[in-house]
Ligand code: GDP
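The chain that follows stands alone, in the form predicted alone, written as structure tokens.
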Amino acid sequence: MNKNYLSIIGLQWGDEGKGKLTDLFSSKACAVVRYQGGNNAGHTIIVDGVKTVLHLIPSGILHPHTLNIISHGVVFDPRAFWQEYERVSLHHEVTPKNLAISLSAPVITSYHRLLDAAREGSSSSESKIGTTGKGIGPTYEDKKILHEKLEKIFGEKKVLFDSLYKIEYPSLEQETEDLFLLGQKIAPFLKDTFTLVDELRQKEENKILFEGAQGVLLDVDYGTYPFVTSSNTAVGGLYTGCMPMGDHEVLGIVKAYTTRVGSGPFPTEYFDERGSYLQQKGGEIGATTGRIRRCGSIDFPLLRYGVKCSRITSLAVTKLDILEGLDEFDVCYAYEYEGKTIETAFPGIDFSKAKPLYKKVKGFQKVSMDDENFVNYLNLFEEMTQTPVAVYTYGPQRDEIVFKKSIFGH
């Protein structure tokens, strides 16, 4: 296994706390590569009390020595990028020397965002997917024709806007002018990132960190379809969105409980005061959407599934401090499904037929290896997934991260 390459994968529906861990590992990396998704996800990083929210720019931007790469697997919104660039540049250096954007990344236009919002707005509440409306899905659909003229994209979208959704949209001339002006600003950052990453790989001592967005359960193929995003959020997204990397360290990030934003199945969701407690104490509000996250107990059948479909080598358990002080809590260890007990979810499982099976575990008073109940809860993640816990966190700051084993130079 090449331990100088590290992928960070969310094992739930996103929002697992990947940002701060990516930030920490970035300090040891020569490069951080963002390989899928778009600005429909947000990483929140807090350093010395200063909060930075990143949507497109890789988390390594907080470290002056780290090269940050937005690869061809990312759908790129030039407007969103420039706003983020101006905001992040107030506190951190962002130049063509430390940020590279793939020449072949598909571009989000105004038409994609309008189409995304119109599709979601026209759906009934039962069929809403919960899209962020950023235009990510429609852009992935148009990926193969983005090299052609904007007129061809506009022709199809105009029919939809006029006849089906009946919404206003910018003229072809206005959109062309806006994208042209943005292109002039962004041009210095554009590079052949495929060759750039390949050159970095030629030196065995180079540490490269691969940063994804969202989580395995939102994967377009492995996730809880149709309530998913439009890209591969499991480790397979790395191989299509960047390049094949071979056998390497894959760190799976899991929250100490379970949350999700938007619609879709959620077997262990709380509908009582326990959910409200986690929302309030955990600050469970989406960094991108501003929506309150639904909360529930840890779901080990889903976690085992995420570990298997992304070939996770180690776990990082986050937000353990939110469970401090509870006398006891439930954990879902299996499902009762079609007359059988199953321990691992699978693609296409009908969650309406999956009954979570719970057991009580003793709560802990302190996130500390001196607290026996805390140690037992942490060990439960290893026992249930047959995967070692390498890292755990008990707060948003860098100094609230604890390493149980060495990983990527830490």
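Residues carry their position along the shown sequence, with the first being 1. Being a predicted model, the structure only gives us computed values, none of them experimental.
One more form of this protein exists, namely the form predicted together with the ligand; it is left out here, but the text below deals with it.
Not displayed here, the ligand is approached by Thr393 to within 4.5 Å at the level of heavy atoms in the model of the complex. For Gly42, a non-hydrogen atom is located within 4.5 Å of the ligand in the model of the complex, even though that partner is not displayed. Although the partner is absent here, Asp23 sits far enough away that none of its heavy atoms falls within 4.5 Å of the ligand in the model of the complex. Contact check for Thr258: every heavy atom lies farther than 4.5 Å from the ligand in the model of the complex. Shown alone, this chain has one stretch from 313 to 321, 171 to 179, 103 to 111, 269 to 277 that lies within 4.5 Å of the ligand in the model of the complex by heavy atoms: 313 to 321.
When you look in the model of the complex, the only residue of Ile46, Leu378, Cys30, Met384 with a non-hydrogen atom within 4.5 Å of the ligand is Ile46.
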